[in-house]
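Take a look at this single chain, the form predicted on its own, given in structure tokens.
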Amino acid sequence: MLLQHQTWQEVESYLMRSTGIIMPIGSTEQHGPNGLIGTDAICAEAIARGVGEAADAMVGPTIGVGMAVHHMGFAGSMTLRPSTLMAIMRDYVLSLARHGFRRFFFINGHGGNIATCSAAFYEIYAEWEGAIGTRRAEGDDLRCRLANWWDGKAMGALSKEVFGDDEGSHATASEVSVTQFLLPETIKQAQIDPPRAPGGRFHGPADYRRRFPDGRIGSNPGLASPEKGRRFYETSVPELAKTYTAFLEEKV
């Protein structure tokens, strides 16, 4: 159930049985010759909705622009500064905590968000639990968890089976496949040469563009297909639903 599709009375009723909410977070950045700029947000939002249905959980609005400074050498990419993303996450979480939500499960679609999300959680805890300022009542416990949609034992095994070393680390074959499954009308035809992009590290947007001129890192998204995307979607959703349920049940 989507928070934005509920009335305030329906949210109050939901909170009588659960304090958990799923928060999709992605990015708006280049994804190589045949990948959509919105890939990370599209995947996170769709998979979060699927997890919400599977776990009977509320799903909050998607944070669609992430920390993507390193992609700014490519047209159409957008970024938030880490401090801005942290502030947005803080305000989202504490706004909802005001109403009684206490378990925030962020489903992430962008690797570049991971460090910033971890820092944001500690900023939230510092404020909520009184590490800075007035201490909150004992037992009023707020927790945040980040889960990348591509992580998990079953997802790792599927990636190895379907794409092997051609999966790569950016503009991956799996994420392009998921968008093709979700939005077949947006499938792009593009020349991808070499088939598998080189791998490696980079230091900033200009260095990234020099090293990886078509935007890919280590991947061959030419192998993507809607059918493969369905397999990844249908593997990720139940695996994340179990993780979300376990998160709600945590006591220590």
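Because the structure is a prediction, the values reported are computed rather than measured. Start at 1 with the first residue shown and count on from there.
Absent from the display: the form predicted in complex with a further copy of the same chain. The rest refers to it.
4.5 Å heavy atom contact with a further copy of the same chain in the predicted bound form for all of H5, R90 and L96:
Yes, all three are in contact.
Considering non-hydrogen atoms and a 4.5 Å limit, does a further copy of the same chain approach M155 in the predicted bound form?
It does not: once a further copy of the same chain is placed as it appears in the predicted bound form, M155 has no heavy atom within 4.5 Å of it.
Though only this chain appears here, would P33 touch a further copy of the same chain in the predicted bound form if you measure heavy atom gaps against 4.5 Å?
P33: yes, in contact with a further copy of the same chain in the predicted bound form.
Going by a heavy atom distance of 4.5 Å, is R211 a contact of a further copy of the same chain in the predicted bound form?
Yes, R211 sits close enough to a further copy of the same chain in the predicted bound form that at least one of its heavy atoms falls within 4.5 Å.
According to a 4.5 angstroms non-hydrogen atom cut-off, is F74 in contact with a further copy of the same chain in the predicted bound form?
Contact with a further copy of the same chain, yes.
Sequence-ordered residues of 145-167 touching a further copy of the same chain in the predicted bound form, heavy atom within 4.5 Å:
The stretch touches the partner through R145 alone.
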